[in-house]
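Given as structure tokens, the chain that follows is alone and in the form predicted alone.
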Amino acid sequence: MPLSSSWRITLLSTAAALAVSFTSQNAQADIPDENYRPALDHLLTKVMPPKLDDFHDATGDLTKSITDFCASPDADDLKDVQEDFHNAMDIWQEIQPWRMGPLVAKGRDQHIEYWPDKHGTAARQFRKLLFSKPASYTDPVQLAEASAALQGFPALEEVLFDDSNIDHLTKGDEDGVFLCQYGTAIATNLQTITGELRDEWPEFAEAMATAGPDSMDYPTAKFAATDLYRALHEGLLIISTQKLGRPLGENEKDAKASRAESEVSKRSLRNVAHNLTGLLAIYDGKWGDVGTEGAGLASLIDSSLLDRSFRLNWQTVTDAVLERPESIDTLLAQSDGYQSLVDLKSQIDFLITLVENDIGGTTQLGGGFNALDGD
């Protein structure tokens, strides 16, 4: 599918901005360390905490709805549980790219969502679990010590959205009773994990926001701000290489929607849309009704043209995601679906280039590293 005229206009606008960017960078002196502090303070202490509150509340709602459903299984009530799953997953997908501090401590990100699962570990373990029905997996405390592949959103997705499991749930048979107890344990464990995230974040945020010579972890504010840039860069790389690249495969014949994230619940591209929301907040400083526009990494951009161009490109890609179905499976079923997904990946790749060349260079936070290999 050829690029639209609006996309060409966006590219042209960006080319002009790049010229300004490179001229500015060549003449730019080092940014004083204290200039990074306002963005750190804003993003870490004002923007993220309310989102972690929302995440905890959403997993609480999910726990309550599945508990109520299991007390009296009903197909309509199951739809309510599924909706609460989607609400909690939406928030997680926005938070997910902020891979730092308590989010990754103790492997929490994997306990919340074990993905990508390249070897089908979760599916194999889930089949064995349903066959043997061990009581320990219906206890959220014991479940928290189990394999990450049997915790979190992907496991709960199997419980709530797989057709055969839905049949057992609504019938309330032996398998349905176990699935209900297991699903409730997963949701309860998620509520516990999100409570830990909420409670531990402020101390971590304060350490980053007050970075300096006395800190063992963040000797400078620039060093701390680099973690935010890495999150922005890495988040887009994960969308390109994993969330879109894996289902695309080597070619159209090799494409498999089953390799996509959250395809059991048919929301793989919905996840990408929410990823982009959380990632833009790092740059912009405003996240829904939280924060202030321009107070994120954008506060370090000294070119209004560059800023406008970046935002325009980001909106173009966001619109492209929203114009497609929420599921990669649904998209690939369309006659031009594979090419449409290829085009979307190309647009994400272009955003990566802008982040590397423009944002990384202008903020002096980019170092040409690959955020996925740790260089």
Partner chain sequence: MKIAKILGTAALASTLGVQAYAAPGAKDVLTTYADIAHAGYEDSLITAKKLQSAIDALVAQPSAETFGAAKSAWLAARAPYQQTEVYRFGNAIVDDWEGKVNAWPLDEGLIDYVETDLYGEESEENPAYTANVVANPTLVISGTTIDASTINATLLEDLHEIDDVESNVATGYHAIEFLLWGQDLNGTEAGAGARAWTDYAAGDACTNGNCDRRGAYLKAAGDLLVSDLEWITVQWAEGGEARETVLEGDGVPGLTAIVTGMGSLSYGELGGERTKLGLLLHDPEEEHDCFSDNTHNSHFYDALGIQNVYLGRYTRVDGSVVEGPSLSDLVADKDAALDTELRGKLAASVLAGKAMVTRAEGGEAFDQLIAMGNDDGNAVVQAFVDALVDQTKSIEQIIATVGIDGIEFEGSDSLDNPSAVN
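Numbering follows the first chain given and starts at 1. In this text, all values refer to a predicted model and were calculated from it rather than measured experimentally.
Keep in mind the form predicted in complex with its partner chain is missing from the figure; the text below concerns it.
Think of it this way: in the predicted bound form, its partner chain has a heavy atom of just one of 300, 290, 146, 273 within 4.5 Å, and the residue is 146. The contact residue chosen from 266, 230, 168, 86 relative to its partner chain in the predicted bound form is 230, the criterion being a non-hydrogen atom within 4.5 angstroms. Residues of just one listed stretch (192-200, 136-144, 76-84, 168-176) have heavy atoms within 4.5 Å of its partner chain in the predicted bound form: 136-144. Taken together, the three residues 311, 314 and 345 lack any non-hydrogen atom within 4.5 angstroms of its partner chain in the predicted bound form.
Heavy atoms of residue 259 reach within 4.5 Å of its partner chain in the predicted bound form, making it an interface residue. Heavy atoms of residue 98 never reach within 4.5 Å of its partner chain in the predicted bound form, leaving it off the interface.
Contact annotation for residue 286: none of its heavy atoms lies within 4.5 Å of its partner chain in the predicted bound form. In the predicted bound form, no heavy atom of residue 249 sits within 4.5 Å of its partner chain.
Contacts of stretch 109-126 with its partner chain in the predicted bound form, defined by any heavy atom lying within 4.5 Å, are made by 110, 111, 114, 116, 118, 119, 121, 124, 125, listed in sequence order.
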